[in-house]
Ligand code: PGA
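First, one chain by itself: the form predicted alone, in structure tokens.
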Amino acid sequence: MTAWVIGNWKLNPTSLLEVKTLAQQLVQNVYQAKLDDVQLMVAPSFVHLSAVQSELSHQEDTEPAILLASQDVSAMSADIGAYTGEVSANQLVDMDVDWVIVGHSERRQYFDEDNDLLLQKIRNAQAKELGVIFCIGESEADYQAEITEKVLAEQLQVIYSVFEQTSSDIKLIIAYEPVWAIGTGRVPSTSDVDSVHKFIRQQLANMDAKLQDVPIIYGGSVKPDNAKAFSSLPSVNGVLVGGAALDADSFLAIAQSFVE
């Protein structure tokens, strides 16, 4: 199975110059890294999508080594409408975006995004054939209370609803990010990650046979010095990278960990 290494740039970098420089460095160095069976992807902020797309267009092969993702997509409309500040799936497709991140813990926490809203976002992305990176994860309180599986099962109900209401295929990646590990430097043990990923795999298999091969990736303080531990787990099909994705060498080093 292809390993997915995805960089979520969040509200970074500060300037357009920094964005272009980072994208240029990735494009220049990605082929030298010889990342066989590893698919790279980056998710800049909305305002920087066009600039990054322009840099990625200079990639050499017909099959791009680096795909472009959006950090969000509108739940209000897949096309157009009177929704100030929103960005539709159709607009993203027009900008050569391939995938969208849905359900990130920061969206859930700061913008109160619930399952109903996330379901509509996935439907809109699906309507325009965008791939969906669906994030799930438990809080520290959930982890301490030992209800991680219960929380994840509830969050995965969104995916169940998608397949309950449509027979069409969807490009999907599940990103498991324990909220307490995001940006904190704290990382769960490999045995914990392995156990959770196997639980998610079973949940998906129980929903629909078409979900058996959906990639399940890990996110939460992923860095070059711990990426190898995650890549050694057959249950982990890649990583969602935050801060370490803002340095080209660091990001490619993480990707290199998944080559073998």
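In this text the structure is predicted, and so the values were computed from the model without any measurement. The numbering used is simple: start at 1 and walk along the sequence shown.
Below, we refer to the form predicted together with the named molecule, which is not included among the displayed structures.
(message) By the heavy atom within 4.5 Å rule, which residue out of Val87, Leu152, Ile182, Ile170 makes contact with the named molecule in the model of the complex?
(response) So the residue touching the named molecule in the model of the complex, by this definition, is Ile182.
(message) in the model of the complex, is there a heavy atom of the named molecule that lies within 4.5 Å of any heavy atom of Lys20, even though the partner is absent here?
(response) Result no; Lys20 lies far from the named molecule in the model of the complex.
(message) Taking the named molecule as it sits in the model of the complex, is Asn226 near enough to touch it, meaning that at least one heavy atom pair lies within 4.5 angstroms?
(response) Contact check for Asn226: no, nothing within 4.5 Å of the named molecule in the model of the complex.
(message) Is it the case that Lys121, even though its partner is missing from this view, gets within 4.5 Å of the named molecule in the model of the complex, heavy atoms only?
(response) No.
(message) Within 4.5 Å, heavy atoms only: does Gly242 come near the named molecule in the model of the complex?
(response) Yes, Gly242 lies within 4.5 Å of the named molecule in the model of the complex.
(request) Choose from 198-206, 37-45, 229-237, 213-221 the stretch whose residues reach within 4.5 Å of the named molecule in the model of the complex, heavy atoms counted. (result) Answer to the contact question: 213-221.
(request) Would you give me the residues of 131-160 that have any heavy atom within 4.5 Å of the named molecule in the model of the complex, in order from first to last? (result) None of them.
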